[in-house]
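In structure tokens, one chain follows: the form predicted on its own.
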């Protein structure tokens, strides 16, 4: 599955005229395979052994390109570092208030909320974001999901 996602993402890059460098390929592959919603620094640390000449700025620049094309979403929550999520389907996030872990949460789209907000306010609504906060099982000392 992730191999197909990588091929499709690389095809999207080629279609928009973005050159596929080994660093871009590796960053994209890392994002697709990562379920942890990594920061740019996390990505840099994971790949620095393979690409010793790659800088954190290279990672940020590539993430910006991916964001502009629509391959990744930049997640910003409060004062913490931005995290990056490879765009697969519309989904929401559950965030641990203790350790900052972010987990994808699939729920039927709340498109009716956007429509209602548009009707009530007159806004031309483009999108919405929902976040759920709590403690992950590791931080709360439980291993079950409630």
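Positions refer to the first chain, counted from 1. Here the rigid core means the biggest group of C-alpha atoms that line up within 1.5 Å when the two forms are laid on top of each other. Being a predicted model, the structure only gives us computed values, none of them experimental.
The same protein also has a form predicted in complex with another copy of the chain, omitted here; what follows describes it.
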| query | finding |
| --- | --- |
| Interface residue in the predicted bound form among 68, 41, 48, 112, criterion: non-hydrogen atom within 4.5 angstroms of another copy of the chain | 112 |
| Contact flag, residue 95 vs another copy of the chain in the predicted bound form, heavy atom cut 4.5 Å | yes |
| Partner contact for residue 15 in the predicted bound form: another copy of the chain, 4.5 angstroms, heavy atom | no |
| Contact flag, residue 129 vs another copy of the chain in the predicted bound form, heavy atom cut 4.5 Å | yes |
| Proximity of residue 35 to another copy of the chain in the predicted bound form, heavy atoms at 4.5 Å | no |
| Interface residues of 105 to 121 toward another copy of the chain, as seen in the predicted bound form [heavy atoms, 4.5 Å] | 105, 106, 107, 110, 112, 113, 114, 116, 117, 120, 121 |
| After fitting the core, residue 111 CA displacement of 2 Å or more between the shown form and the other one | yes |
